[in-house]
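Take a look at this one chain, the form predicted on its own, written out in structure tokens.
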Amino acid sequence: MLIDQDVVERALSHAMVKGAEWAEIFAEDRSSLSASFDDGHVEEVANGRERGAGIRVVAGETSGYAHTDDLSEQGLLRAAAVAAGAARAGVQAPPSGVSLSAGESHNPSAVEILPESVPRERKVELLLAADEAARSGRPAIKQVSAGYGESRREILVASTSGVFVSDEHVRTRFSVNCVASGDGGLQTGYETTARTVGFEHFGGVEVEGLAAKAASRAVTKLSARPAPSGELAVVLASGGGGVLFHEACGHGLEADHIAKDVSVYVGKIGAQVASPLVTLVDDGTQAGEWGSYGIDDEGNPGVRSVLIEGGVLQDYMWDRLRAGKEGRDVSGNGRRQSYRYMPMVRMTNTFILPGESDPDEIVAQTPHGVYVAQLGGGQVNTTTGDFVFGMTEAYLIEGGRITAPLRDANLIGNGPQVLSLIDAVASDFGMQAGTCGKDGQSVPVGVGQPTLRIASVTVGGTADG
């Protein structure tokens, strides 16, 4: 246990002496290791450690927050006094006792092999194996970069509501980036795998296959032709386009954006906001996925929330404060980057559920369009839903067949409009791991979707459509 229960109770009581309504302590102990490999050499193997606590005090519409890396009782009392002062609560009140009851966290992600128990040499071997696999039989590959990462995060959340609960998250990841050179200039290919599990992850994932896929992607793009431009049908491959729905739709369903009236989904619960083929879910209980946990960073259990069902908007995602103001149930979406930050409404694993169509048939029934195997980063305006996303791996669809590879180009559109134009959803499904940034904080998330077709969306290529 990071902090003894009696110490936490006294710190919370001290946070309430200025007449605040509610107080919370979030404590964290995080350790990490990363190793990077570039151009035939191990560049760096680095350890990290971060330990501390944040105290939040709420008085009316004001929240005060203070953090400290001193987890002693005196350190917590000092932070509690600062947070209470920042909340500008009422007249000084005598300390009142706080009684906590230890709760249980049911983490969906089991860990078999703690990564720190595995020798560093084994982790370096993974990097070397990826480099060899990427270069094997591919003289066009001129550079290979690979990265290994692991982290272990223990958290404790307690509040004057009586919550006293802890959780632990163990995560492992591996990524490969390849650069190919040829007549088409320099082209890149990237692949990653990341799970909320231990080192056993690498018993089920071959880094050699990951590296070969990244290298093949880079080499294939050397012969790519300019992408078409204009309004076209776009087929998103399973898992490859989940980031679009996370960014263009998911953020607009976070309750803080709703409260600030900066979302296109304000006031639309019960309205048809997407094709009847679309059911969008946010689920922090998915075993092993990158955005999963037993409790969120406010101590609430992870939840499976159906946001859109059959195209109809069902609900938003909620943290504790906004749910309390609106009389709603919390949805386990209060998250923070570390103890240095206050929590905010964030997604966990957000995905579109599979449909009934065959993925090959969706392509076969598309006379002309673009097949997107992988989307990259992009920009979204949550107020309007307008977005721009890069296509990092895409192919032309001609006569119902996937043909020529295309150079990198953009997808340009509007989130709600794209949701309404989905006219085919396949029975396959894929998830990917990502990092979501919002208001200066980053957290791990999962994104996913089956193969699906958008009837018409703007492709920003350089060739005529």
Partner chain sequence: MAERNGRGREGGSGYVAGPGKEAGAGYEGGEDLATLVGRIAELAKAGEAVEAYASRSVSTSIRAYEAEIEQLSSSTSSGVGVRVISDGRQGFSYAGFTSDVSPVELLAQARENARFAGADEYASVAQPDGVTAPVLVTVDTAMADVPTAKKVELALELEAAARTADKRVRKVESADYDDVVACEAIATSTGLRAFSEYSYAALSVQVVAGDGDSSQSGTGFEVARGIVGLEPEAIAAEGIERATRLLGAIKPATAECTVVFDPRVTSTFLSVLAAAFSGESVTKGRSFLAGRVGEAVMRAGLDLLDDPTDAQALSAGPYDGEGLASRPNLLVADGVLRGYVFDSTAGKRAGCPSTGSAVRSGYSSGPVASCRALLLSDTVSPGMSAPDILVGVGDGLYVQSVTGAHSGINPVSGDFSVGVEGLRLRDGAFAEPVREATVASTLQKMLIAVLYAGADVQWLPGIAAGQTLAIGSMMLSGT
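Residue numbers count along the first chain shown, from 1. Just so it is clear, the model here is predicted, and its values are computed rather than measured.
Another form, the form predicted in complex with the partner chain, is not on view; read the next lines as being about it.
**Student:** Quick one: is Ile422 in contact with the partner chain in the model of the complex, heavy atoms, 4.5 Å cut-off?
**Tutor:** Looking in the model of the complex, residue contacts with the partner chain do not include Ile422, since no heavy atom lies within 4.5 Å.
**Student:** Determine whether any heavy atom of Pro301 comes within 4.5 Å of a heavy atom of the partner chain in the model of the complex, and answer yes or no.
**Tutor:** No, Pro301 sits far enough from the partner chain in the model of the complex that none of its heavy atoms falls within 4.5 Å.
**Student:** Although the partner chain is absent from this view, report whether Arg401 comes within 4.5 Å of it in the model of the complex, heavy atoms only.
**Tutor:** Answer no; every heavy atom of Arg401 is more than 4.5 Å from the partner chain in the model of the complex.
**Student:** If you check in the model of the complex, is Thr160 within 4.5 Å of the partner chain, heavy atoms only?
**Tutor:** Residue-level check for Thr160: no, no contact with the partner chain.
**Student:** Okay, which stretch from 291 to 299, 105 to 113, 370 to 378, 307 to 315 lines the partner chain in the model of the complex, with non-hydrogen atoms inside 4.5 Å?
**Tutor:** That would be stretch 370 to 378.
**Student:** Name the residue from Ala259, Leu353, Val330, Leu156 that puts a heavy atom within 4.5 Å of the partner chain in the model of the complex.
**Tutor:** If I apply the 4.5 Å criterion carefully, the residue I get is Ala259.
**Student:** Can you work out which of Thr196, Gln187, Thr366, Asn349 has a heavy atom no more than 4.5 Å from the partner chain in the model of the complex?
**Tutor:** Of the listed residues, the single hit is Gln187.
**Student:** Looking at the partner chain in the model of the complex, which residues in 43 to 80 have at least one heavy atom within 4.5 Å of it?
**Tutor:** If the 4.5 Å heavy-atom criterion is applied to the partner chain in the model of the complex, 43 to 80 yields Glu43, Glu44, Val45, Ala46, Asn47, Gly48, Arg49, Glu50, Arg51, Glu61, Thr62, Ser63, Gly64, Tyr65, Ala66, His67, Thr68, Asp69, Asp70, Gln74, Gly75, Arg78, Ala79.
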